[in-house]
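One protein chain, two forms: both are listed below as structure tokens, the first as structure 1 and the second as structure 2.
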Structure 1
Amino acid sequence: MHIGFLNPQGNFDPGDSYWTEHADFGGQLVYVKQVALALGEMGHRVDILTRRIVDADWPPFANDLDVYPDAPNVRIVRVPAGEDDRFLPKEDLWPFLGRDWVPGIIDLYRAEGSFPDAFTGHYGDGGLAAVLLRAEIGIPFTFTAHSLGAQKMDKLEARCSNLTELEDRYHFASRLVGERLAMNHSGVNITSTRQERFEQYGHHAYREAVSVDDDARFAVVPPGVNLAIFGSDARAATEAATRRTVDDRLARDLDPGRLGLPVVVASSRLDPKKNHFTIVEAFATDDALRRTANLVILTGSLDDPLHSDDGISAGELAVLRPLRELIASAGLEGSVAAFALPGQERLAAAYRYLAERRSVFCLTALYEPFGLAPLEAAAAGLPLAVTRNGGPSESLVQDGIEYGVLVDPADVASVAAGLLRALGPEWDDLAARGRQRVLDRYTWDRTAEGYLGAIERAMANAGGSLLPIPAWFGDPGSGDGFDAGDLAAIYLV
């Protein structure tokens, strides 16, 4: 089968450039790459279709075609979109998808003499592109939202008074309309969990777009862990260097008398919804936790974020300031370390090293749609103490068996108790169960098998009632662009 993965935002290259260093280069790109590679290993032809970028600040993305080493069935195809080829954040891509990107994809395949058998649309922008392609050339598709705009609006506390501001910054009206079209026109909507299907797609902003009770329109396909990177037996070329970096940074930030303690590892971007503050609060308020372990906050590119503002964005600084203040007021200096480990290989090597010290991975996000990061840590050998809100409540509990400790991210006492439990006598059992859970259920081979089944179903499924496509998506000059009034009509009930 020939499959096209539609992912206009961010970009792909053999070096995985900028991953975790920009909001458009996050987990979605890891997901797309790994599913594509796994399908290629199964013998299918896969194109990852993304946007060409010719920009001195983003040098790896200028070529029309690229490949991954040892993956002959997978290619990266970059198609121009926009007034020029400079980098554009995902929020600014909407006017150019129907005008430039989709016609460019059609021209590409017509020149090659054949089209893919099916497309998969990723995020709202890739989903919209799939809708436009289906309308033009009739090729079916699956839709994977990864995250939906309505939930982000909920977290931003959208209301009448701030809709104009939100629309100006995030272009939510385009996103919500694109998502509604994608889930309506797709043959199958792929979610990572049942909770995502019923809670996220069931949001009132998507009313009449798709019925969450229609089993034919959904497939639950969890993402996987790259065991070649995160497996407990894997070894990176940077393994020894990473261990030296960890030792150096711990010695820099921690009191000498605490260097022998295990650590609680918090590895996620500095975003308010990741809720780092509660982990620090747990250390500040629980003496037993403080005596038992240190806290290590890993960042993608900030090497000394607790003491230096170098390279820190305004959003990251808004997260760091209260952390710094709490650490100072609670006397936690010497108990908390924070440093950069850019790239998945270094992160995985650090997990393996810290697992040898009987450390624990912690994620206290207020809501985690799936939670791949904890599973990566579990594969490397770390027990888990993570949020109960979202995907981990499905991935880490089944038939009464716990594969990690679930905590209430809004309850400091719950977080402290969960961390102490994971650090205590159950450490070996939790580490072994978590790792085996990944091996049994959460590998990219399993994900690819699920994708293939969903694509085959989509090719036989006519989709929904087919909501009309606004002319603006194909011709931004038509004057039908969206504004805060359109956003209110979709989001506010």
Structure 2
Amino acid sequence: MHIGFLNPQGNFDPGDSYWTEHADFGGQLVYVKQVALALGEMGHRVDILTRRIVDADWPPFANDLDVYPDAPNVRIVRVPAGEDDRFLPKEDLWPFLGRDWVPGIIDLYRAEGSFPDAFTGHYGDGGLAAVLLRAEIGIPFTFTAHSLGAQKMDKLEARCSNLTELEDRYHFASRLVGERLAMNHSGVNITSTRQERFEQYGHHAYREAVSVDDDARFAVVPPGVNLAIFGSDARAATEAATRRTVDDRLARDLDPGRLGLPVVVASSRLDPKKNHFTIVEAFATDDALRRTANLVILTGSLDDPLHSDDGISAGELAVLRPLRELIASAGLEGSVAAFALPGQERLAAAYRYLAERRSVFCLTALYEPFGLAPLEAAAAGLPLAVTRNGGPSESLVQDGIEYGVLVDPADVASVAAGLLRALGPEWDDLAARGRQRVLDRYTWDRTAEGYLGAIERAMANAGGSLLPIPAWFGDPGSGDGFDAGDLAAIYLV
């Protein structure tokens, strides 16, 4: 099969340039690249279609074509869109998708003499491009939203009084209209979890676009763990150096008499919703937990965040201040370490090292949409004690079998009890079951198989009655486009 991934935002190159350094170069690009590579390895021809960028500040994206080493079936295809080729953030792409990007894709395949059998649209912008391609040349597609605009508006507390401001900054009207079209015209909508299908697509802003109860229109296809990085048998080039860094920072932060204890590893962004505070509270209130283990908070770039404000953003400081205060008031100095391990390879090496000390991974996010980070830790050999809110409730329990310990992130006693359970006599069983769970269900090969199944269903799905495509998407010169009034009509009901 020949499959086109439509991903206009961000960009792709063999060096994975700018990953995590810009909001448009985050998890979605990892996902698209890994599924594309896995499909390529299965023998399918895959094009990752993205935008050509000729901009001195964004040098790696100027060529029309690019490849990954050792992936002969996968091409990175860059198609121009915009008044010029300068970098544009994803919020500013909407007027140029129908005007430039989609016609450019059609011209490209016409010149090559054949079109993909199917497209898969990613995020609302890739979804809208898929809608326009299907309308023009009849090629079916699947849609993967990654993140839906309505939930982002909820989080930003959108209401009548701030709608114009939000529209000016994020262009939510184009996004919501694009998402509604994408979920309506697609053959199959791909979500990572059942909760994403029912709760996110079930938002009132998507009413009449798709029925979440219609099994024919949805496929739950979870993302995968990169076993070449996080596998318990994998070895990073920085493996030995990372072990030395871990030893060094533990010796810096922990009481010498506690250096032999296992650790509870918390590795996530310093973001209030990740709720590090409850883990520290668990240590502050539970003597048994404090006697059994130390707490290690890993960050991407802050090497001594409990003691130094160097390089810390205002948002991170807002998370750290209460942690520092609680550590001081509860006398937890010497039981908590915090340091930086930049990049996935080092993180994975640290997980493997800490697993040898019978440590445990902990995530107490108030809500975790999917929860790839716990699965990465499980692949490396750490048992899990993680939030029951969101994806982990689907990935870590099935048919009464536990693949990790689920905790209530709003209840300190539940977190402490869950950690003690994972650190206790069940450690070996939980580590083995969690790791096997990832190998069985959460690999990119499995994700690629899920995509193939969904794409085949999309190709067989003739589609029902379709929402009309506003003319502005094809021809932004034809009118004023969308505004806060359109947004209100969709979102405020």
Ligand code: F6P
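For clarity, a rigid core is taken as the largest C-alpha set superposing within 1.5 Å between two forms. Fair warning: this is a prediction, and the values are worked out from it, not measured in the lab. Every residue number counts along structure 1's sequence, beginning with 1.
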- Query: Looking at both copies of this chain, which one is the form predicted in complex with the ligand?
  - Reply: 2
- Treating the chain as two rigid parts, state the angle between the two structures by which the smaller one turns with respect to the larger, in whole degrees. 13
- How much does the C-alpha of P322 shift between the two structures, in angstrom, given a rigid core superposition? 7.3
- Query: Can you give the C-alpha shift of E333 between the two structures in Å, rounded to one decimal, after superposing the rigid core?
  - Reply: 8.0
